[in-house]
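What follows are structure tokens for two forms of the same protein chain, given separately as structure 1 and structure 2.
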Structure 1
Amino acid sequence: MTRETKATLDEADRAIVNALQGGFPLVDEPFAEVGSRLGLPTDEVIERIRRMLDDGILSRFGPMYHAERLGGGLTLAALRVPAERYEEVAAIVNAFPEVAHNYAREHDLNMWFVLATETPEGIADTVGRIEAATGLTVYNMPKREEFFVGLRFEA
């Protein structure tokens, strides 16, 4: 289910979210550097990030790795799931550790998931196993080219 979080962010929280969607410094005391930029004590920067992670306002804090550059496989795939089988198929698909994200969407192709595998060849294998387990055709849509990736959300 969509996590319903009451986002009660004050000005300092917003400043941290807006400033730290990239560019976390590679220095001995990075939180101190961020704090001095934002006018906040080091401990407070750390505590605010911890609280926003606990509250689900942040889903991650750290390095974002690029799967293909690590030698792995990555793809976006979709299924047309009959309405009466939706929960059953969602459980089957989600049980695959290769499924990193899975979203319900409003379309005939009503289930969209990202597969991440340790090798590029692992994608075809995983697609085959999902087809066998669900009895449904997987529409595999690996990227041909990436034009832009950069999540930027203003808090």
Structure 2
Amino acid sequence: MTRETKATLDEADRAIVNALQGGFPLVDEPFAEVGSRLGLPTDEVIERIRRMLDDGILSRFGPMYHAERLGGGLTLAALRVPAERYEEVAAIVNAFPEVAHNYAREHDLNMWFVLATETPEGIADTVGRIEAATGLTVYNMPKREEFFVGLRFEA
């Protein structure tokens, strides 16, 4: 599915996406638990998640780790990308395994991404490699204070 293709979700898909944004059950049979809550068979829950991943409706399904608590580094970064190079630079940035996610903003700094590295020193190394690969300055904005906002997107 390309970015231009509009995602198609039915009510069951939406229920799964909305339910799992709040957490994944930590039980022996988590998909059965999700299915039980939503009135869906376990296999159908798994198949729907797999299909949404395959179709690009979901970009990721997995745990979120707190890199800093595991001894790693974490930062928010941005680039000022010329419009004609946006897709090229996005592909370069997204190829770095340290990039957790990348998104466009309507701002002079129009590409923002999160870096997560195995060590705090890995941030500077990764920033340097992205600058070398793109030829653009990376604006590193390390966290000063953390706030939990519970961001969710209604499907």
Partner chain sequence: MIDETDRRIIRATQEGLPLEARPYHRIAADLGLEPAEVMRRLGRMLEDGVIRRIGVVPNHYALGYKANGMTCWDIPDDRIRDAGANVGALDFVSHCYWRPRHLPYWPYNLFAMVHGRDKASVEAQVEIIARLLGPDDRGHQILYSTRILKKTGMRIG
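Nothing here was measured: the structure is a model prediction, and the numbers come from that model. Here, a residue number simply tells you its place in the sequence of structure 1, counted from 1. What we label the rigid core is the largest C-alpha set whose atoms superpose within 1.5 Å from one form to the other.
Between structures 1 and 2, only structure 1 derives from the form predicted in complex with its partner chain.
In a rigid-core overlay of the protein, Ala133 has its C-alpha displaced by under 2 Å between the two structures. The rigid-core alignment places the CA of Glu106 less than 2 Å apart between the two structures. Pro142: CA moves less than 2 Å between the two structures after rigid-core fitting. The shift recorded for the CA atom of Asp55 between the two structures is 9.3 Å, with superposition on the rigid core.
Superposed on the core, the two forms differ at Gly23, whose C-alpha moves 7.9 Å between the two structures.
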